Every structure is written in structure tokens, then in C-alpha cells.
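Consider the single chain below, provided in C-alpha cells and representing the form predicted on its own.
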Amino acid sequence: MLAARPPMGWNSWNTFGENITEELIFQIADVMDAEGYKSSGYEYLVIDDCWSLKERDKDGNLVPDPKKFPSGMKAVADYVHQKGLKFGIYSCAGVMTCAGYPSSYDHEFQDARLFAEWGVDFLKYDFCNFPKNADCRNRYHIMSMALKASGRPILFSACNWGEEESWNWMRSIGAHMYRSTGDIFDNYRSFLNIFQSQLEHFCQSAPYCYNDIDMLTVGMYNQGNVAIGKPCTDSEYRMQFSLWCLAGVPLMMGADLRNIKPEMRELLTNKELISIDQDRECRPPFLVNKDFVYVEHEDKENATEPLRRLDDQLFTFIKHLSDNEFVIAFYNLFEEERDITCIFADVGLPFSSGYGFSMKDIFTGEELGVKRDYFTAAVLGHDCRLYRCRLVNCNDGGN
């Protein structure tokens, strides 16, 4: 079954943009196979925009750019499949793609058949240059039907940026994942804004259809096509990856895997974090607490109010996993270290219950023993702490 768990893979856009070639795709496939990405669950290798010529052929078919893909798309798909991976490609619901290449509006069934002939396993379907008098929901439904009629199982990654509140209807028209936000950029504020914008909608993500909050920028360090703003630090990338895993959304890498720092490869293949994203119950995180921070006005004499409120800076989440396990996660948006407390009564486990949590630090592997009533974590600035927890009956000797 397609998308029984959140899809995982790699997409060319974030780093390479239009600068894609079959040689690059072959190299990425080699790296995904040889360096632990495939064995960690990353199975889709997706070519984004700019892969075709600017005109269709005499029969109305899309034509791969022969300078970029001289062997043709079927040969590229065959190579990817030989590496034990699945092959993805890009099109758009409008009349042109975002970069101005021919797209699939009114060509849905023809293009879907062609993709199936090439051996495509994944279609990212964007929303640029969409006719103003056309029906967004209907056009995504048409492509969904076209893929199902193609004769090949093709995962439908619908990318309409959350237009017309896509979280309310994408599942019902057969999409397997749906973009709910605008594009991500490789900076701290971008990924935080994207994650926070979907806090109320992650509950509409479930097996076979997932809220997609865009490709990861982990490990890019502003080297690539979405490099805008101040580069992220290692701890900020740790926040991004763990937030995506906590949300249970698709994990589509965007960095140049051929030249990624070992620390970032280790993060992207972290078994504990990936197991949270891939948990079979696919439950969203529950926001336990977001602490407001109040500071005095600098100009006390002329201030009309004695205090002003800053942005929410400290976040606590719990995520229910299968087999009666849980994750408690703390995020510190301050630049300096802060203590963050989770009161267990706020997650349904008051002291009077007689139960506590056996806790393990997900990043260090340290076993912390059984905690009751509350737990406080010291979290570095722009960083996070995550703990895998099990229920323990403290009235039964901790068994």
C-alpha cells in the first residue's frame, strides 16, 4: 500500500534548482544506497522542476531535456530502481510549471500514462500558473484519477501550498501527501513559521495521506537554491528535523548528500527520531504548553502598558506512540539556555494516578529512571530535548 507511513526520500529542488542532470541523479542514488539513507527508510528519489524541454513533442508528450538527461527518463528510473530506490518526477496543475516549463493542465491522463511508462513511482504536483477560472479541487482530483488509471502505483504528492484549506479535502480526493504551506527557505525563522502554521492541522494527517510541510533543509548551510537569510546552526537543524519527525510528516531531504557533514548525515539517519515519524499509529503531537515571556518596557515613564508580551518562546509537546510509548519534547526559542518544565498532570498523568514515566534521552541514549509529577529539562538556546517515555506503575514497585 502506498504511504502507509509518511513518505521518505530526497528531492532535487532545495539545493540544485534547475541545475539537474542524470549524472547528478545517479550520484545521489549511489549515495542513498551506500551511505545508510536507503536502509534508514529514505526510498524516493525525486527530480523537481526544470527537467523537460520548453515544448511538448508533435504528439503532445513531455520531452526530457536531452542535454540534462541524454539517456532518457526511463533509463534514469531504471538506474534508481537498480539501487533499490523509487523514482519521482515533477509536474504542475497549471499550464506551466513554476519555472515556466510545460505542465499538465488538460494533459493529466496523457502525462500520467507517460510517467507510468517511464517507471515513475512518485509525482510531485505543483500549483503555479493555474488558470483563474479553473477549479483547484477538481484539477487535483483529475490528476488523482489519471494516476490511478495509469496502470502503475504512483504516489500522489499534491503541492498546492494550502490553497482552499487543502487539509480539509486532499485526503478525500486520493492524494497521499499534500503541501499545506508556502516554500521553505534555509533559515531558522522559515522552518519555525511553517511548523507553527500547521499546529492546528496535524490532526488531519493520517495513514495514506499526510500533511506535507515541505522538504527539509537540514545540512544545507545556505548552500543551494533556497538560501535566504542567516544559515542555520547544527542545533537549529536538530530542531527542524525533530519537529518534522514529531509532526509525523513526510521526510524529504534537500541537501547535497554527496557533500554533507557527517553530523548532519547522523542526524538525518537517527533511528530514534525516524521511528517517531514512522510510528504505525501516526498520531500528531499534542501541544502541552507554550510559555509566554513578559518584559518591562524600556521607556517606563511613557509606556501606556506596564508590560509587553514577546513571542511564545518555550514549547512542550507530547506525542502518543504505539505500544504505550510516548515522546515528551521541549523546544527553546530563546538564544540562551532555559529550564522548561512538563507538569505530568497536563498530559493526563497526575501524581494521584500512581503512575510515572520511565524516561530516556533520545539524543544521548541516557536512561533517566522513573519521574513522577513533573520533569524539568535544561535546554540550550535554539535547541531541543526529546525523551522517549513508558508508563510505570509506581504503586507496584515500578513494574
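Everything quoted here is computed from the prediction, not taken from an experiment. A residue's number is simply how far along the shown sequence it sits, counting from 1.
Below, we refer to the form predicted together with alpha-D-galactopyranose, which is not included among the displayed structures.
From the list 71-79, 115-123, 169-177, 156-164, the contact stretch for alpha-D-galactopyranose in the predicted bound form under a 4.5 Å heavy atom rule is 156-164.
Comment: alpha-D-galactopyranose is not present in this chain, but in the predicted bound form one of F241, Y90, F87, F317 has a heavy atom within 4.5 Å of it, namely Y90. Checked against alpha-D-galactopyranose in the predicted bound form, the residues M215, M143, A247, V327 give one hit for a heavy atom within 4.5 Å, which is M215. With a 4.5 Å cutoff on heavy atoms, E263 does not count as touching alpha-D-galactopyranose in the predicted bound form; it lies far away.
alpha-D-galactopyranose in the predicted bound form is approached by W13, whose closest heavy atom lies within 4.5 angstroms of it. Contact check for D183: a non-hydrogen atom falls within 4.5 Å of alpha-D-galactopyranose in the predicted bound form.
alpha-D-galactopyranose in the predicted bound form comes within 4.5 Å of a heavy atom belonging to D49. Residues are counted as partner-facing when one of their heavy atoms sits within 4.5 Å of alpha-D-galactopyranose in the predicted bound form; in 86-100 these are Y90, C98, A99, in sequence order.
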